[in-house]
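A lone chain, given as structure tokens: the form predicted alone.
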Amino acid sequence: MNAAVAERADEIKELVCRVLEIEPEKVSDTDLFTEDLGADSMKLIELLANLEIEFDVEIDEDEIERLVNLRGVYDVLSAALDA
């Protein structure tokens, strides 16, 4: 995980929870957004857009497949910030 992502992990988790409309304490790094938390594809697209805005990065739409849980979000953001 990128150092900037590690420093902002709590903030990232809050953003994810806000977009997915779930309580932060109910989400672990490995909970699957669609299977465990009931998110649909539109919520994942919204999450991708929010991450791009919040971190001023461009994330390829193909990366949405990796946005399955918090760990995936951290990995995608790390890759985008390192690019």
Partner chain sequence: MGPVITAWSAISSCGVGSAAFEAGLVRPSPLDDESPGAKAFLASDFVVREALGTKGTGSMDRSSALAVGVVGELLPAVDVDARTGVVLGTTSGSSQTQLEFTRDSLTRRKPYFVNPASMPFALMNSAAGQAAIWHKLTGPNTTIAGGRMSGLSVLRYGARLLATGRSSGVVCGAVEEYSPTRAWLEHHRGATTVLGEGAAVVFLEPAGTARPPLAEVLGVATRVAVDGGAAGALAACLCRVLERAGAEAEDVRTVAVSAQEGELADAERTALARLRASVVDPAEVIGDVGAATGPFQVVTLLRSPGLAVATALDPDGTVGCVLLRVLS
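Source: prediction; values computed, not measured. Residue numbers count along the first chain shown, from 1.
Same protein, other form: the form predicted in complex with the partner chain, not shown, and the subject of what follows.
Q. Does the trio Ala4, Glu11 and Leu15 actually contact the partner chain in the predicted complex, every residue with a heavy atom within 4.5 Å?
A. Not one of the three qualifies.
Q. Looking in the predicted complex, any heavy atom of Val57 within 4.5 Å of the partner chain?
A. Yes - in the predicted complex, heavy atoms of Val57 and the partner chain come within 4.5 Å of each other.
Q.
in the predicted complex, does Glu46 come within 4.5 Å of the partner chain, counting heavy atoms only?
A. Output for Glu46 is yes: heavy atoms within 4.5 Å of the partner chain.
Q) Is Glu21 close enough to touch the partner chain in the predicted complex, meaning at least one heavy atom pair within 4.5 Å? A) Taking the distances in the predicted complex, the answer for Glu21 is yes, it comes within 4.5 Å of the partner chain.
Q.
Check Glu52 for me: does it contact the partner chain in the predicted complex (non-hydrogen atoms, 4.5 angstroms)?
A. Yes.
Q: Within 4.5 Å of the partner chain in the predicted complex, which residues of 3-18 have a heavy atom? Give them in sequence order, or say none.
A: The stretch does not touch the partner at all.
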